[in-house]
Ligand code: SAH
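Let's start with one chain on its own, the form predicted alone, as structure tokens.
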């Protein structure tokens, strides 16, 4: 019997133009496509003539076991996730199931992880460049992780001045976590800190809101939203949210574009003159 294969496909935010060539190719190569029904609907146009198996939210373990079962029978199975399969997707769970079966990659089923643009990256692109410096991804869903653990992570990321991308900010039954999250971050950030709320990025019902920490709770979120909270340096300019990486402290940004570096301890405005020997810094 031929070796089966599991293709862990991250297909990005959902729009076909943002799906990688390899993601499309992997789905086309598979004989079976497995995924959460909402995600399957986004790639159904690539699944003609294939066995499609869908299931609802909270049924990830069943999907993972089914994918491994079919691959062990010699099938090529694509397990699809929106965004990146390794970021709150199915990749980790598949590997956990394989580990429980004492999987040996040299002799067992083949596994390939196909990367895709995660929600934080997709949403960041729509609002400018808020992730230009260090950032943390934190899911507010406490279905699998206790809230006190999530709260400690929010506190640590906020205290360390990370830009914070919040996944799963609210749901029908889960409304209080985002309130507590905002309170925690507010201990370390000014109320004017920029916040982006992006719903259904690159999908037909896309909505983009730029607000600030003080007012973020005034807007609808839901499971299809990602919230990006800026750090102490993040700014909004003419509708674009940007987190500087620090170039302005090292280079002239408003000169002739020569990119003249600033020496340690030197004020940016004096760089060119100092290079010519005209300024004592």
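Since we're looking at a predicted model, the values are computed, not measured. Numbering follows the first chain given and starts at 1.
A second form of this protein, the form predicted together with the ligand, is not displayed here; the remarks below concern that form.
For the chain shown alone, residue 131 is not a contact residue for the ligand in the predicted bound form, no non-hydrogen atom being within 4.5 angstroms. In the predicted bound form, the ligand sits within 4.5 Å of a heavy atom of residue 223. Proximity of residue 135 to the ligand in the predicted bound form falls outside the 4.5 Å heavy atom cutoff. For residue 123, a non-hydrogen atom is located within 4.5 Å of the ligand in the predicted bound form, even though that partner is not displayed. For a residue to qualify, one of its non-hydrogen atoms must sit within 4.5 Å of the ligand in the predicted bound form; all three of 83, 119 and 169 qualify. Residues within 4.5 angstroms of the ligand in the predicted bound form, judged by any non-hydrogen atom, belong to 223-231 and to none of the other stretches in 66-74, 245-253, 208-216, 223-231.
Contact annotation: of the candidates 153, 101, 203, 188, the single residue with a non-hydrogen atom within 4.5 angstroms of the ligand in the predicted bound form is 203.
A heavy atom within 4.5 Å of the ligand in the predicted bound form is found for one listed residue only; from 178, 87, 184, 97, this is 87.
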